[in-house]
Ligand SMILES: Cc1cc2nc3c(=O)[nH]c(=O)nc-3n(C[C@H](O)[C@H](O)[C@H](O)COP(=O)(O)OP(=O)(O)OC[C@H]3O[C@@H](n4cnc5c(N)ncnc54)[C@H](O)[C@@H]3O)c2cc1C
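One chain comes next, on its own, written as C-alpha cells: the form predicted on its own.
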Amino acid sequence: MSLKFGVKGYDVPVRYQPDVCIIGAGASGVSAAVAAARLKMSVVLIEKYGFSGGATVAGLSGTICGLYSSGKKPQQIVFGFADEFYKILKAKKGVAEPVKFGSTLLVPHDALKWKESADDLLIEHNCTILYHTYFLKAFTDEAGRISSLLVKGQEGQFAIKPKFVIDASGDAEVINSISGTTFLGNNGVVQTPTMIFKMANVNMPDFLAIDPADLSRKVAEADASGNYNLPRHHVYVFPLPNTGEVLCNMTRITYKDGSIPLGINSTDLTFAEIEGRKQSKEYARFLTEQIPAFSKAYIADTGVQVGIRQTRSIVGKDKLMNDDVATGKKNKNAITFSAWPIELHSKSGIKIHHLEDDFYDIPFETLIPQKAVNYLVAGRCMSAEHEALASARVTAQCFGMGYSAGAACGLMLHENLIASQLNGMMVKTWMKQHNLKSSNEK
C-alpha cells in the first residue's frame, strides 16, 4: 500500500495502521502505550533514540520526582502506573533510597535499568516499538482528524495511519505540525537547559555526609574566586544505585547575553550540548579539587542530550494555572496530582516554592488540544502556565498523564467520541471499569 501526500510523484508506503500511535517514548509515552495495550488496542510507539526514557534517561535527569508528599514527614502519595514502574525498578535494584529534596523526596534511578524495564513492559504488552525513527509530519482530513503520520526510519520514509494519536514528544511536535495553537514559556522565555553528568569512584560515606546547602555555598565561593567558571550556584547532587556513582545536576546553560537556548532550535541545541559538556568538565574539576569525597572521582558520562525543561505547550481545553499549583487547587476532573514544588530554572537562578502538607490536581482537560478530534498530548507539552509547568513536568506526573491518555483512546474508540468531548470524570470512570489504576490507587 502507498500513500500520496499531495506532492507530484511523492509516494511512501503505509507500513502500520494501529489503533494508537504515540510519538515519544519518555515516561508519558511508555505509560500511554501500556494503558492502550491493556485495553486490547494495537499500539505503535515512535522514538528517535534507541531506547525509551526521554528526559529522565537521554537527558540523565535520573530521578523519579513527584511520588511523595511535601512536609515534615513526606510519604508516598502518587501510585497507579508511577508506582508500578517504581516497583519494577526496585525489583531490578535500579533505584536508590529516596533522597530529601527540600520538603519532599525524590528517587534516583539507574538509566540502564529504566531502559530495560520499559523494553520489558512494552514487549510484554505486544506494543510495536520503532526506535531510531523520527516523526516528520501529521496530516489531517476534512473533519480535522489526524489521518496519517509521516515518519523516517533508517530504511527511509514511510506512513502510519492510526485511529488515534498521542503527542508525547515533549515539544508538541505533532500539534505544531498541524498548526495547532501552542505557546512558548512565559512570553517566549523558557526554563534554562542543564547538562547533567555522572561522577564515578566517589567516596560514598564522605559524600553522604555533605550538607547540600554547604556544597552550594562552596560552589558560589569558588566561582567568585575567579579560579572556576561556575555559573549556577544552587546545585543538586544525588547518590545513584550503583556503588560510587553520583548524579550531578549543576550546570546552567545560557548565551553570554543571558538569552536561553531553545530546545526546538538546532543551532541553540548544538550550542547547549557543547557548552553543557564544557560546564560539566568545569564543575567536575571543582568537585575533585575542592570536595574531598570527590578527590578520586571522575566523570563517567554526561547526558545523551542536554536536559530540556520546557519548549512548546499546547493551548488546551483547560489550563493548569500558576495559582492552581501555589494554592493546591483541587479539580474533579483530575487524572493525576502532585506535591512537587514549583522548581523554576531561569537565567538569574532557581526559584522553588513548596506546597507544605498539600497537593494540587492536574485536570485531564490540560491534555486535550483545542478542537482536537482524535488526538491528545501527554507530558510536558500539556496546557500549563510557565510556573505551573515547572512543577507538573516531572516523571511521576508524566506517568499519570500518559496512562490516562492511553486509556482515553480506548474510551474514544469504544464510545465513538472525539477528544474535545472528553472530561476527566469520564476517563477516570472508564479506567476504573477496566481495572486501570489511577494515581491515587495503590
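One-based numbering along the sequence shown. From a predicted model like this one, the values you see are computed outputs, not experimental measurements.
One more form of this protein exists, namely the form predicted together with this ligand; it is left out here, but the text below deals with it.
Undergrad: Report yes if any heavy atom of E173 sits within 4.5 Å of a heavy atom of this ligand in the model of the complex; otherwise report no.
TA: Yes - in the model of the complex, heavy atoms of E173 and this ligand come within 4.5 Å of each other.
Undergrad: Check F158 for me: does it contact this ligand in the model of the complex (non-hydrogen atoms, 4.5 angstroms)?
TA: No.
Undergrad: Even though this ligand is not shown here, does R309 get within 4.5 Å of it in the model of the complex, heavy atoms only?
TA: Yes.
Undergrad: At the 4.5 Å heavy atom threshold, is A372 in contact with this ligand in the model of the complex?
TA: Judged by the heavy-atom cut-off of 4.5 Å, A372 is well away from this ligand in the model of the complex.
Undergrad: Check K48, S61 and A378: does every one of them have a heavy atom within 4.5 Å of this ligand in the model of the complex?
TA: Yes, each of K48, S61 and A378 comes within 4.5 Å of this ligand in the model of the complex.
Undergrad: In the model of the complex, which of the stretches 209 to 217, 273 to 281, 162 to 170, 288 to 296 has residues with heavy atoms within 4.5 Å of this ligand?
TA: Partner-contacting stretch among the options: 162 to 170.
Undergrad: Just one of V394, M41, M412, V44 has a heavy atom within 4.5 Å of this ligand in the model of the complex. Which one?
TA: Going through each option in turn, the one that passes is V394.
Undergrad: Between the options Y360, F197, F135, Y86, which residue brings a heavy atom to within 4.5 Å of this ligand in the model of the complex?
TA: By the 4.5 Å criterion, the partner-contacting residue is F135.
Undergrad: Using the arrangement in the model of the complex, list in sequence order the residues of 22 to 57 with any heavy atom within 4.5 angstroms of this ligand.
TA: Going through 22 to 57 in order - heavy atoms within 4.5 Å of this ligand in the model of the complex - the hits are I23, G24, A25, G26, A27, S28, G29, I46, E47, K48, Y49, G53, G54, A55, T56.
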